[in-house]
Ligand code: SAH
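One chain comes next, on its own, written out as structure tokens in the form predicted on its own.
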């Protein structure tokens, strides 16, 4: 087995390398620092042991010698160990010491480089480290207090090198650093960009000069860039449509990523607050299994959610089991879930609600009638089955799953209450939020995916600020941008 010394990158989980994700996915033990994005730990298997050895400024910390011993012990015992560290394990980190300890003990190890904040953070702030005609060198240096004692960093010499200077961990000592760089010959007017929480939705950039760096409002953690390139402003991240906004996603964990990813790509800080859980039918799935076994005897199978698709298709050998039965999907999300299993929907209405599906549905054959199978949630509106029966169809409604109210942790509820907006993608997510969290935790902006969900919210006396014209996740995000972008 191997101990992997893995760089987690600067904060944006999208910057994790493919190799890092691969080794995390099969880890038996994850030994991690205080990560700026805790969701990275979710990439490890659920049963993997997670051991925090994070160091806290002026607080409890795990001694490095103990971390080394832990890695040697677990790796020596034959476990697959991932040592997850922020940034890159070999850039102003203790990865070299850990590798040396493993080598001395004869434990196999591998280095998985991460994207260092020295490069990524300036890029997210729109500050190129090199630019033609402005510089020919880049110096990365730590500004930690320890480096100022004993003369270990010759700041005057760094100044004489010229070019771009990237200072990590230098917020507390920035005034002294600025004085010594100016003493080394840098002009007081030299541009400076200090980027706090770089690559994260909380990112904030302060632009100043070397003379103004000391009194500038800069807080940790920040990367400080000194040099002519800091005068360039190629900002892109902080100009994304939802940058600086925080949005609550109330979908179940297995489904949240589709919406969360769309919001994050637009710069939003996403708080995943699952208020409902998906459970098996009350009969354990017996009726659904029986219907699946006889699916070819139906004329149509109608799906009104991706959950129903997943539960039903899991019971089929493959798409051939449908036989002559045609398939209808209430909307593109449900149709996409079918398409993943190579099942092409024969009918998707123009508007993604039951009433529109009913209007688009063909009439039952007059001579023999026809049969429709409707696998769906235990609690759902009866508009569709009642309407189909009124049109001459024989409809079998089968319970495919149940939704139950979840119990999110109090810290997550508190985080959600401070957000700018909350998104609801189903009526059950509305009622689940009210039951699990309460009306008082509703953020200022309430966004619903469509009229059915919005009607449920209004029935509970919730003001709906955003209702998507196109009842899809993309439509919901577009509608949210239209509102939050004006505020």
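Just so it is clear, the structure is predicted and the values come from calculations on it, not from any experiment. Positions refer to the first chain, counted from 1.
The form predicted in complex with this ligand exists for this protein as well; it is not shown, and the discussion that follows is about that form.
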{"item": "Candidate site 87, 93 and 117: all three near this ligand in the model of the complex by heavy atom within 4.5 Å", "value": "yes"}
{"item": "Stretch in contact, per heavy atom within 4.5 angstroms of this ligand in the model of the complex, of 360-368, 314-322, 163-171, 260-268", "value": "163-171"}
{"item": "222, 242, 159, 338 - the one with a heavy atom within 4.5 Å of this ligand in the model of the complex", "value": "222"}
{"item": "Of 121, 301, 400, 273, the one that lies within 4.5 Å of this ligand in the model of the complex (heavy atoms)", "value": "121"}
{"item": "Contact test in the model of the complex: residue 351 vs this ligand, heavy atoms, 4.5 Å", "value": "no"}
{"item": "4.5 Å heavy atom contact, residue 180 and this ligand in the model of the complex", "value": "no"}
{"item": "Heavy atom of residue 376 within 4.5 Å of this ligand in the model of the complex", "value": "no"}
{"item": "Close approach of residue 195 to this ligand in the model of the complex, 4.5 Å, heavy atom", "value": "yes"}
